[in-house]
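What follows is a single chain, given as structure tokens, in the form predicted on its own.
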């Protein structure tokens, strides 16, 4: 298997000075989900304004502050989408796995439509929105306060809620279609099978989610299963392309890029995940992983 190059940068992907303009062929990531409690602290560390707004909510609950928190979380993500647009080649694809959030704040239960906000932001940046994928997780069950129950009565109308059992894989393209030389051998060597094409290019995917059995640090990354980036990398890149993951987490995208003869670059803000990333990517079949730490 040919040698490929892989780099993890411990730093904030809101700026990616290590990557030249128009040098990335595909971005595949699953960012922290706004308004999911597990990621509150991470957003607060990225932007002290968010942490201050949560303290304001605790002192005096009000709807305006909830909106400000939601907006600020997405503003922080949008800075990454701007940088992604810059580094992608013309015709490059961005794949963003995101779930909507349900949460009770100020004694009010609601949904926060993360997928819709990201689509709006990426359109403003200049991306072209492509048909998205709905990832239906077979293992997801209706839960309420840790128990297997619907949100409200499932039998007595009208106060029950629909369970969120799908996440979105949003797809965006920068500019026009990528161009290749006639009969490009690398492109033909990356060709999909008919079964792969028929199954993967349908809108609903049923892929079992990853069971988080590691310690608290690794669980916080909420890694998606290898099959998700494996499909996306094969669908939207060719061998020797460079794949970007701006929220690398435990290193799943980098590992799968290795296995599929692609190069990769990943960003992670938490230096404590370095050991987790190295351990996971040791399972890659090719390439040498370089972890660089940048003090910013």
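Positions refer to the first chain, counted from 1. What you are looking at is a predicted structure, and each value in this text was computed from that prediction instead of being measured.
Missing here is the form predicted in complex with a small molecule; even so, the following discussion is about that form.
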Can we say 4, 244 and 263 each have a non-hydrogen atom within 4.5 Å of the small molecule in the model of the complex? no
Only one of 65-73, 47-55, 264-272, 234-242 has heavy atoms within 4.5 Å of the small molecule in the model of the complex; I'd like to know which. 264-272
None of 112, 224, 135, 127 but one has a heavy atom within 4.5 Å of the small molecule in the model of the complex; the exception is 224
Going by a heavy atom distance of 4.5 Å, is residue 13 a contact of the small molecule in the model of the complex? yes
Distance check, residue 34 to the small molecule in the model of the complex, heavy atom within 4.5 Å: no
Would you please decide whether residue 248 lies within 4.5 angstroms of the small molecule in the model of the complex, comparing each non-hydrogen atom pair? yes
Is the gap between residue 41 and the small molecule in the model of the complex 4.5 Å or less for some heavy atom pair? no
